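Presented as structure tokens, the chain that follows is alone, the form predicted on its own.
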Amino acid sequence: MAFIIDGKKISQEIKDELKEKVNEYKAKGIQITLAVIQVGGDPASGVYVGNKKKACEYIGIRSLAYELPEETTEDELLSLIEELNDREDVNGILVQLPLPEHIKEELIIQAISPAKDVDGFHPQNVGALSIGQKGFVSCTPSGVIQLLKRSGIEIEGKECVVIGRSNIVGKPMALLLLRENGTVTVCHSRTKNLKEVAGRADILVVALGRPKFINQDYIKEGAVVIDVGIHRDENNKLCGDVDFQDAVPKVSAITPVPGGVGPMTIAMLMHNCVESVRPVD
């Protein structure tokens, strides 16, 4: 019987632990503040921003919301980021992606101070991860590590396969699994014999952005499968990159969609906000 990894439960545990830490800081007169910037009215972004605000409220972090119109210029956004970088009462800055087409995401990410980059996207933080130094780690991959550890799943010495090589999930995921002493292979759209490579994995992390693409043909008997994808299927129901029903009989543990990796992303964002109080370097 497959163990269903409960991301809602684990994320709640993390948020409760963080709430205690935040209360300790408050007792010392320290208020943690996250500034969230959203440009334009993308409905999915609106939902994510709302969830982040709720998490801040629960944990006791002050959140500042900057909801800017679609026509905001790149210079106006950069000017706001510069102002927030300089504010001593702001610990973390988050710019909700995607941005409107006329604004270069790369430029905006690089403008955020690495010490306030709670999303873990700044090149300095990504570089720190790659050479084993301290820094903020992007929230979804660090959430996956917590899911595995808190479910009692050993990473050390395991054959780990990551399907997907994005800067936000695939690459940092591979680095974090390496840091935990996993043996890591990264697959992508040009990988030959994907079924064969994925079928060797003790731990398979799927972040390729194609609904229900991975079925049990790609999965080793008894593997742990982590599904990072989120889509709507033909019946408008949420699903992941893994065909959950097909995979379940073959795995030892698996994350569902929804309720698996998703809640962990926000829990780890809150973790980064709390960590931002201490110097990162």
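Residue numbers here begin at 1 and follow the sequence given. Computed from a predicted structure; not experimentally measured.
Note that the form predicted in complex with a small molecule isn't included here; everything after this is about it.
Chemist: Only one of 94 to 102, 80 to 88, 182 to 190, 147 to 155 gets a heavy atom within 4.5 Å of the small molecule in the predicted bound form; which is it?
Modeler: Only one stretch passes the 4.5 Å heavy-atom test: 94 to 102.
Chemist: Taking the shortest heavy atom distance, is Phe121 within 4.5 Å of the small molecule in the predicted bound form?
Modeler: Although the small molecule is absent here, Phe121 would touch it in the predicted bound form, with heavy atoms inside 4.5 Å.
Chemist: Though only this chain appears here, would Lys52 touch the small molecule in the predicted bound form if you measure heavy atom gaps against 4.5 Å?
Modeler: So Lys52 counts as contacting the small molecule.
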